[in-house]
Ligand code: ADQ
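Listed next as structure tokens is one chain, alone, in the form predicted alone.
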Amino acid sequence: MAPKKVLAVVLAGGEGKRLMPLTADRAKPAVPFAGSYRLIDFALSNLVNSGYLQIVVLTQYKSHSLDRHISETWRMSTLLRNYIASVPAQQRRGKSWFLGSANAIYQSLNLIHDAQPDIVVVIGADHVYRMDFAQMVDAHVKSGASVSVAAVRQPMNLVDQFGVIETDPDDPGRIAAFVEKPKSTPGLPDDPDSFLASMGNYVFTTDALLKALEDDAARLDTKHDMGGDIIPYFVERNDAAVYDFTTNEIPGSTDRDRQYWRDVGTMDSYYDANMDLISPLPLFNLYNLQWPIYTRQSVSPPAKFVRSSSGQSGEAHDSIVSAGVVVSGGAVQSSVLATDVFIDEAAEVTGCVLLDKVHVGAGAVVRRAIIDKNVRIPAGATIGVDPDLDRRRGFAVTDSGLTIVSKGQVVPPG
């Protein structure tokens, strides 16, 4: 049988309100992550590693940095008809912008008509994981369903943050109910404290997707959402299959990171996902070269650790240190340092995520904080030491005590 022709659609138009202030000036998929990457790099790397090289990325809010990253990084061979195209909202179906994730695809149906695929893979752009979508497509074809939804187990206390999948007891491969972010749901038969969460990854048979989108566009009682409207549309017709993420095999993966999947939708989850990377045996292994995560390569010089003018050693432990970083007599512990960060003499950085070109002055102390790009922390200043002081200075502080300094924010002298 001839292989199915696949078009991949990446939904990258969300505002990312819960990731403010990191999304104050950029789209959520463009948020930097793990020192050298953008969040969208994980979705695109998974598709490319799966062998799917015709990809459209639907954008809307504050998309300049995202568009620039895609155009500079994700260049494919047009000779082989491969492409990754960033597509903004264009009002092709009326005078409105994208009204929801389903409406984003509906307004971009010209892309599907042009590509003429047998299968459409639809995924989000803001999760951290590895996945071979070719395996999911194979399972979808075998299921005979019009749509397959990838599912991952999550603890019950997160039930109101995900689309929840309940399977048919008589046919565990079929979805009996799909509820978007409910307040409660029954636990799994073999694990009452867990539930099946939608990963936001879908595989559609093209004709069925087109009809569902047309029907949704004609309705008045819809939010035009993939999880809230399109998937229930198929569930009501007993035409939706579930794909178990735990069956997905990735070359080079280990028992520790094989089932890793994180939704970095809040500041605390974003911070935790960064911290997952830095242990000697990380929960998510960036160094699996059999399934690489691709990104734009910096032109910065190598990182270096040097003594300060007074002879104090620069050092970093249990940390990710990107190109261009200079630690000059400072101390870094359990942190992620992005490109061109500078740590001055006697400065202490512990449990932090520092984005591009952050400058930490001599003697400054920064603990459990996220510092956005280009922020200069003066000599002797403190961040993350006193949450009440951080709030009075206008910094964002989460309920867990994590401090966030936004891009361009001025840090008072120490």
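The structure displayed is predicted, hence computed values, not measured ones. Quick note: we count residues from 1 along the sequence shown, nothing fancier.
There is another form of the same protein, the form predicted together with the named molecule; it is not shown, and what comes next is about it.
Enquirer: Which of 67-75, 307-315, 109-117, 220-228 has heavy atoms within 4.5 Å of the named molecule in the predicted bound form?
Expert: Looking at the other structure, the answer is 220-228.
Enquirer: Among Asp276, Asp263, Asp340, Asp257, which has at least one heavy atom within 4.5 Å of the named molecule in the predicted bound form?
Expert: When the named molecule is considered in the predicted bound form, the option within 4.5 Å is Asp263.
Enquirer: Taking 4.5 Å between heavy atoms as the contact cutoff, choose which of Val147, Leu213, Val336, Ala104 touches the named molecule in the predicted bound form.
Expert: Selected option: Ala104.
Enquirer: My question is simply whether Phe178 lines the interface with the named molecule in the predicted bound form - judged by any non-hydrogen atom within 4.5 Å.
Expert: Yes, Phe178 lies within 4.5 Å of the named molecule in the predicted bound form.
Enquirer: Is it the case that Val332, even though its partner is missing from this view, gets within 4.5 Å of the named molecule in the predicted bound form, heavy atoms only?
Expert: So Val332 does not count as contacting the named molecule.
Enquirer: So in the predicted bound form, does Val203 come within 4.5 Å of the named molecule, heavy atom to heavy atom?
Expert: Contact check for Val203: no, nothing within 4.5 Å of the named molecule in the predicted bound form.
Enquirer: Are any of the heavy atoms in Gly163 no more than 4.5 Å from a heavy atom of the named molecule in the predicted bound form?
Expert: Contact with the named molecule, yes.
Enquirer: Across 114-143, which residues bring a heavy atom to within 4.5 Å of the named molecule in the predicted bound form?
Expert: Residues within 4.5 Å: Gly124, Ala125, Asp126, His127.
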